[in-house]
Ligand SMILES: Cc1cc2nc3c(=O)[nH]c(=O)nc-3n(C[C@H](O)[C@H](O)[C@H](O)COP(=O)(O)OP(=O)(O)OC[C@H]3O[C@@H](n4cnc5c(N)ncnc54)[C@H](O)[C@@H]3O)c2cc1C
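Take a look at this single chain, the form predicted on its own, given in structure tokens.
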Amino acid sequence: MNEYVERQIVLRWAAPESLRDAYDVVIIGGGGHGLAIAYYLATRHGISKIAVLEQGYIGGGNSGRNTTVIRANYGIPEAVRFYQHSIELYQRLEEETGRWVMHQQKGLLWLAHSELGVRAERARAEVNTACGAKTTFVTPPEIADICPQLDLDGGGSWPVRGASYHAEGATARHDRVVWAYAEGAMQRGVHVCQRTPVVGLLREGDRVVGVETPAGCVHAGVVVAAAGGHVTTIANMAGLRLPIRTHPLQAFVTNHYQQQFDTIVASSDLLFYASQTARGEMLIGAEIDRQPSYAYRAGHRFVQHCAHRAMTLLPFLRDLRILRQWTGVCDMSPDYSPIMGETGIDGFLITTGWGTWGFKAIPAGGEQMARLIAEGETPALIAPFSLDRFARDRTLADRGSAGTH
């Protein structure tokens, strides 16, 4: 089945030397967000004179270096509504694109280990329910039914007192999501160019009018920076200082375990999360590295500490071996919420601040940014996430991920 599906995917690359002199839109970054913007511009708004420029290969940045969890169980209404919309788009993505992205609804348990944690998870469930996300508070006996592999005693140190259960929590295969958006955009005339870094921005007065590449200059009506952890480098070219710090984020997978782990499990106190891949590997991640860096190095210390915490609640992990680990670089904003939309510089838009939750936001982020570009007005769903919220003192503080701690 895998071989059959992958052979059906047709990706037609644009060579750097074949780029046009001008496009309606140039998107910097060929990850999930950049490709989704191009796809939705072409499919929803009929705008296909678009170039997507990727310095490496598509999906080679954070889109290919994440833990593929899809959820909407955040702590503030603005985030819950946004990510719930993304969940719903993911649920329809296979039907819309005609491509198997291995989307699988699993449910997500967010564990509480203290009375304070129980109150927090009860509050999370209430906020989620009020904003349209399917989240309920569950007791230890209910948790045992949902995920029998959990040690509710927590090794004697971290007993499980309760949890919020997000029924629509899901996973999807990251590279297939990227391919589906790339193929759909290409079919409608979008030029996707790999190995093409942007080395400068073209300016006319105060307006950004295009980009510079090693193959030459490309003019554009709108330039969008969707460069993940490297977005500050692009913004600096426009004379824009972003409130973004880039931190490495590591994860690892084990060898195969019998296909019985049907739930995504997360703990903010122990700072780890775990799920099972379609191949039976246990996929485990934890918090960002505290030191800001662009480094992609993976370290033994992370594996040691993260594995110890995971085994505290999931004892069966002690019998498995680590196969591989990897690192991505996360664009973290001061309030841990994304930044989408206008920058105050004409012709230059950004989608950034995705931190550890960019994969789950790909459909909604791409769709809403495409609306902004096509219609010229910021959609209500992403208006709270504008860059100027920091100047207006309207921050959206939500450390709604184990990875942000």
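If you're wondering where the values come from, they're calculated on a predicted model, not measured in any experiment. Residue positions are given as counts along the sequence shown, with the first one as 1.
What comes next is about the form predicted in complex with this ligand, which does not appear here.
With the partner omitted from this view, the residue of A227, A182, A163, V224 that lies near this ligand in the model of the complex is A227 [heavy atom within 4.5 Å].
Note on the partner interface in the model of the complex: the residue among A42, A51, V69, I339 having a heavy atom within 4.5 angstroms of this ligand is V69. Not displayed here, this ligand is kept clear of G210 by more than 4.5 Å at the level of heavy atoms in the model of the complex. Among heavy atoms of R65, some come within 4.5 Å of this ligand in the model of the complex. Proximity of F348 to this ligand in the model of the complex falls outside the 4.5 Å heavy atom cutoff. Interface membership of Q368, defined by any non-hydrogen atom within 4.5 Å of this ligand in the model of the complex, is ruled out. Per the 4.5 Å heavy atom criterion, this ligand in the model of the complex is contacted by stretch 323 to 331, the sole one of 120 to 128, 305 to 313, 323 to 331, 133 to 141. Along 350 to 389, these residues reach a heavy atom to within 4.5 Å of this ligand in the model of the complex: W354, G355, T356, W357, G358, F359, K360.
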